[in-house]
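One chain follows as structure tokens, the form predicted alone.
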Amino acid sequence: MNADLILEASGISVHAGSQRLLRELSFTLRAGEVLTILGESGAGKSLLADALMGNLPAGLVAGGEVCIQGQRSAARDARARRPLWGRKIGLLPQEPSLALNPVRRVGSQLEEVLQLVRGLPAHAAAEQSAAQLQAAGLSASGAQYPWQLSGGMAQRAVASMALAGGASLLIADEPTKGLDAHWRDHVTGMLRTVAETGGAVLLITHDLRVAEALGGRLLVLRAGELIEAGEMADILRAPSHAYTRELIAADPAHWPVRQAPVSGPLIVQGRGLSKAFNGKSLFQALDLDLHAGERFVVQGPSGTGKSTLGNVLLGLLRPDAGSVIRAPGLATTALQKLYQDPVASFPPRQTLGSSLRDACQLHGEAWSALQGRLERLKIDASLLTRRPSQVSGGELQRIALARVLCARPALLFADEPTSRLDPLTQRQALELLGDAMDESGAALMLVTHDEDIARVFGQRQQVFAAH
């Protein structure tokens, strides 16, 4: 075997019963290399990662062979690769909320990785954990629980843990989603360091800026099939397949500005709002009015209070000072939230179809209307027979969007609602969201780290600065 051959994937496939979700894929990764997987949400990118790890959801079966640094096993033999987890193969998962233990402090979880995987003594693990959290901008987060972190902070914490074991092969599944430009570049640098120090990176991303910055080779997937492969620079400069050209051209930087609707009556008013967490002030004496039909964009680095402001306006959190006044006559369900983490917003043991029918019944929505939205979002009806853990993050994000519109909200707080979507699907989802808001006259409060999306959709902006 070649000493620098870190991963050899041979004929990797995934099936759900007789349905093929991922057609046979074969590739290698050598020390110092980066291989990026690009494609629409639901194309099979995360399924490929799970098949390589031996971590597919129940009901899905992998085919082919996986060889990691000379240790070969059948792809369907998940147990054979589990002793390699953290030591030879590391995963930075798409959903950080599923990777963190909610009842243990973040620092202790990182220390555990350093002790059990790297073999460091307790005192050295504690020192190394503190240093890594500081490098990730999480100095004060070691004593916090995962549910006390913002989505971007949790993403950075999981990245630190995935790298802590020193695995030679790192699979990074959407590692920069929900991150502002500074921390996106920081994580990109971390991945580059893995390759530069003799490891290899398998990157799954929708962010062409990250893919281009890391370089290497590129595989383009569509509906579980490989449609184009080659050097990153060559494909981005001159893609040979029409779908790849369409995917690259769909970057939000190319979207036209959406026409602003006419604003209507006041929906929610905040006066003198202040909120702090763990002694850290997020915002102070903030005044804010949201009117029907208005599109209000909130931006700023992770952990600066964007989601907290929305939760205060919705009544999910109480402000430390100030007041929130709702327009009279609003239904109890008139203020809705589209969560940044879609997995946490669905019952884990219930099928998606059952959850959606419950939402239709609760809000008096016709099932055919919901089906129309799902079709527009390109959600195959067969996905509704699955549980939330059995679909991709991008598919679940779109299903969550279709569901929340059943409530006919007067105000929708959309917290990074398309962070898991490729540019093509992202545009379709945001167009549906914008059309629904325009038709109903609802107010939209949109949290996004993407400057281009803010430009396209925003009438007004609230920008939070780093503390």
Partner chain sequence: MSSTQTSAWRGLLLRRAIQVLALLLIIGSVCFLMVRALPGDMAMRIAASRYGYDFVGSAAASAVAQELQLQRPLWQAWLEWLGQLLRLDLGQSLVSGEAVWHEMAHHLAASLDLAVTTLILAMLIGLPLGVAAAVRPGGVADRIALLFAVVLRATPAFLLGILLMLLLAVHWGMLPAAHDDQGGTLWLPALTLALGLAAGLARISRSAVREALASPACEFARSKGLSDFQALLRHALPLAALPVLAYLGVHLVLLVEGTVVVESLFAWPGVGHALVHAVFARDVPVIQGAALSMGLLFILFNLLLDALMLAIDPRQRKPGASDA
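Numbering follows the first chain given and starts at 1. Predicted model, so just to flag it, every value in this text is computed and none were measured.
What comes next is about the form predicted in complex with the partner chain, which is not displayed.
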With the partner left out of view, is residue 102 within 4.5 angstroms of the partner chain in the predicted complex by any non-hydrogen atom?
yes
Non-hydrogen atom contact residue 394 with the partner chain in the predicted complex at 4.5 angstroms
no
Within a 4.5 Å heavy atom cut-off, is residue 148 in contact with the partner chain in the predicted complex?
yes
Non-hydrogen atom contact residue 82 with the partner chain in the predicted complex at 4.5 angstroms
yes
Would you mind picking out the stretch of 240-248, 187-195, 258-266, 154-162 that comes within 4.5 angstroms of the partner chain in the predicted complex, counting non-hydrogen atoms?
154-162
Since the partner isn't included here, can you check whether the partner chain sits close to all of 53, 93 and 116 in the predicted complex (heavy atom within 4.5 Å for each)?
yes
So which of 168, 132, 109, 304 gets a non-hydrogen atom within 4.5 Å of the partner chain in the predicted complex?
109
Quick check on this chain: which one of 199, 293, 252, 86 has a heavy atom within 4.5 Å of the partner chain in the predicted complex?
86
